[in-house]
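The chain below stands alone, shown as structure tokens; this is the form predicted on its own.
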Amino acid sequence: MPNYSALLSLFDRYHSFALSTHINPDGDAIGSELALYTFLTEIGKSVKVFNTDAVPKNYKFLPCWEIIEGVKAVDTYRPEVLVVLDASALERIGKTLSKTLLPIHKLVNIDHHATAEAFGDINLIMPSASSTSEIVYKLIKHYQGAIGKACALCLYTGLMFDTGCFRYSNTTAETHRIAAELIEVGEFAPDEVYQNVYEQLPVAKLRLLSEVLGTLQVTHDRKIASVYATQEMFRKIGTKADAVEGIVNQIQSIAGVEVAICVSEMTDRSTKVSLRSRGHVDVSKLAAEFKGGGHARAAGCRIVAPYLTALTTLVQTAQRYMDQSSSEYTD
């Protein structure tokens, strides 16, 4: 069982806290930090939340989302404790925040990625957990604190997102028990949470999907599928790179595909990468080769290279992992 005592004692010892999560925050990132924010404020703490990127529109149904501030709001603010959630490395909260959001006393790292670095003074890293939201849930339970309605909704959203709506392999019987309790406590309708997160697609995103699918390539063995999105596509459609989120999952759904790759050309000419696997290839290890990380079946990284160069390298690397996997299976 993880040792929660050191972290729990911080809740009693200190008064001012700052929370942050990774760039391009997803449902688990936002859900876990808003849940912890809600809990800490309810026990009388002063809490601020700073993220590099804004809250996506589909998460603005969550309680207190508007309290999340940007990089410029940090200024000279110095919390006693900084808690970083769902980021596999401190730099993942953003270059500026990682250098300016400095705690007076303690840096805390709460994460569930197997590739997570132990960068905190206190590290609560649980790769067996379905999500960082699950860890926050257990942390509050060990504190013997009450999970209120707002907190329950945030935790459920994070849990739902990182389990792929309870269909990924990280979904366990315990995951369902936690979800059931959160639904009961939060008194919300699960279908409405799903609708808010997944059924608020702007028309521009669907038009982008059409463009991106036009770049689809599948290797000769049909095991690796890849697509790319360019700045020209974004300008043509009038959208941004964050509209690419989720497209890689559709590529993964192609029959026979083991590894799905989606790359996006960024404004600084670097390449953002999303990786998915059906299980034969651990894409977190693949991403780690490019200083990224994540989970065995879902990972990502950023490569300082043109998108086509990066994509070629990624496909070659994925093929190497596929060959190794086939060899191990045969042996």
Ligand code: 5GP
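So that there is no doubt, residue numbering starts at 1 and follows the sequence shown. Keep in mind the model is a prediction, meaning the values are calculated, not measured.
Omitted here: the form predicted together with the ligand. The next part is about that form.
- Comment: 297-305 is the region of 297-305, 52-60, 65-73, 38-46 lying near the ligand in the model of the complex, near meaning a non-hydrogen atom within 4.5 Å.
- In the model of the complex, residue 264 stays away from the ligand, with no heavy atom inside 4.5 Å.
- In the model of the complex, residue 92 approaches the ligand with a heavy atom inside 4.5 Å.
- Remark: residue 27 does not count among the residues lining the ligand in the model of the complex, judged by a heavy atom distance of 4.5 Å or less.
- Within 4.5 Å of any heavy atom of the ligand in the model of the complex lies no heavy atom of residue 131.
- If you take 102-124 and check each residue for a heavy atom within 4.5 Å of the ligand in the model of the complex, you get just 113.
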